[in-house]
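Have a look below at one chain only, the form predicted on its own, in structure tokens format.
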Amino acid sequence: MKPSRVPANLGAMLLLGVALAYVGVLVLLPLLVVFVEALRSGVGAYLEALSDPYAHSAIRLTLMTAAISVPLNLVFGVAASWAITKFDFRGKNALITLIDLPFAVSPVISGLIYLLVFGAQGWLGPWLLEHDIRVVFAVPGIILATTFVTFPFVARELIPLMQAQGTDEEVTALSLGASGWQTFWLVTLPNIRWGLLYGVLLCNARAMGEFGAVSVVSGHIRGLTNTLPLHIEILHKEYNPVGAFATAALLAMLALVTLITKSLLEMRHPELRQGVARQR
């Protein structure tokens, strides 16, 4: 028996080495380069790049967009997941398909759709111009595009989790005289709170890092409609590597915080990892 274990161990170590090398080259090395290049000219230059008024504007817009789109998707995700997993109704499969739509559509195409609907030559463009309402090339368009590309994350995290939990506890609460809202607040919500937080983290990470859809509807107006990813692109095109890498390092740190929090949640609640596997 012992000789048969040696090749298996060697094979496992070989596969692990290949996987680590692959991740190191494609993920860790570029991430390390971002931080090294951001600090190449010193901490002073790094802080100066982040203190630029355009950088401040991009940071504010990114945080504001996430602060609006994430709560909207939280409410939608909870409502849709509750309806899909707790009730039977006509059109359930269609609703599930629509929730998955942003995963299938390119972000650039989704941004183009909003441009065709709300742009000056779009379906609603003339009416919006008459009433002096700006959607595309303005903050509302950025929020709409970000909300669209991120709205599946909360729902797709909660649906498998709530399906696995079943409806026994809710039925028991209703049979004991609890109202629908009481059942939701006292039974359903406590059972899904960690999965909800997990979905919100993923949604927030995508909202802060979204580029394609936002790039189409923003107009790239510096100081007004540039989020952090768009600001990084402009700095790169202007051959400003210090500013580009400094801003990229800030965005990378936000992503790392999200990743660490996500990993801690998975370690504390393994069922969240299983839920992600089931939805994929």
Partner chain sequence: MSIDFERISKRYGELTVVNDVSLHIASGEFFVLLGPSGSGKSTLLRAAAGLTGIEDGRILFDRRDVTHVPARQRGVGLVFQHYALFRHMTVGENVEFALRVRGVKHADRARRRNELLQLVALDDFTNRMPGQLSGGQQQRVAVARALAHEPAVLLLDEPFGALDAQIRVELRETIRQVQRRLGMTTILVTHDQEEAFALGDRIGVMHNGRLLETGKPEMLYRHPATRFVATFLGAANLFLGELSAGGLKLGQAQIAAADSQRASGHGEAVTVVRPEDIELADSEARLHSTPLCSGHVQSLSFAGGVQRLRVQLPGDSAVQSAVNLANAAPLVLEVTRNSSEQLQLALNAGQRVAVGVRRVHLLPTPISSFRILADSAQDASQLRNSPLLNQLATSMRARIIDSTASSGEGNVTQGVAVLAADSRAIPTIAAALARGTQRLLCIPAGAPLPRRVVICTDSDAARPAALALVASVMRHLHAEATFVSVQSPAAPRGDVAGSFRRLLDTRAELLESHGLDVRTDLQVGALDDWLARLAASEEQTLIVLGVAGDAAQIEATLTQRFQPLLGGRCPVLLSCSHAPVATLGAAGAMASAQEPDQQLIDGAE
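Computed from a prediction, not measured in an experiment: that's the story for all the values here. Positions refer to the first chain, counted from 1.
Separately, the form predicted together with the partner chain exists; it is not shown, and the next lines address it.
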{"query": "is_contact(Q165, the partner chain) in the predicted complex, heavy atom dist at most 4.5 Å", "finding": "yes"}
{"query": "The partner chain contact in the predicted complex: N191, any heavy atom under 4.5 Å", "finding": "yes"}
{"query": "Close approach of D100 to the partner chain in the predicted complex, 4.5 Å, heavy atom", "finding": "no"}
{"query": "Exercise: A104 in contact with the partner chain in the predicted complex, heavy atom 4.5 Å", "finding": "no"}
{"query": "The unique member of L124, L174, I96, L112 whose heavy atoms fall within 4.5 Å of the partner chain in the predicted complex", "finding": "L174"}
{"query": "Contact assignment for the partner chain in the predicted complex, among A178, V108, A138, A83, heavy atom within 4.5 Å", "finding": "A178"}
{"query": "Candidate stretches 139-147, 70-78, 183-191, 114-122, one within 4.5 Å of the partner chain in the predicted complex by heavy atom", "finding": "183-191"}
{"query": "Those residues of 28-52 which, in the predicted complex, come within 4.5 Å of the partner chain by heavy atom", "finding": "none"}
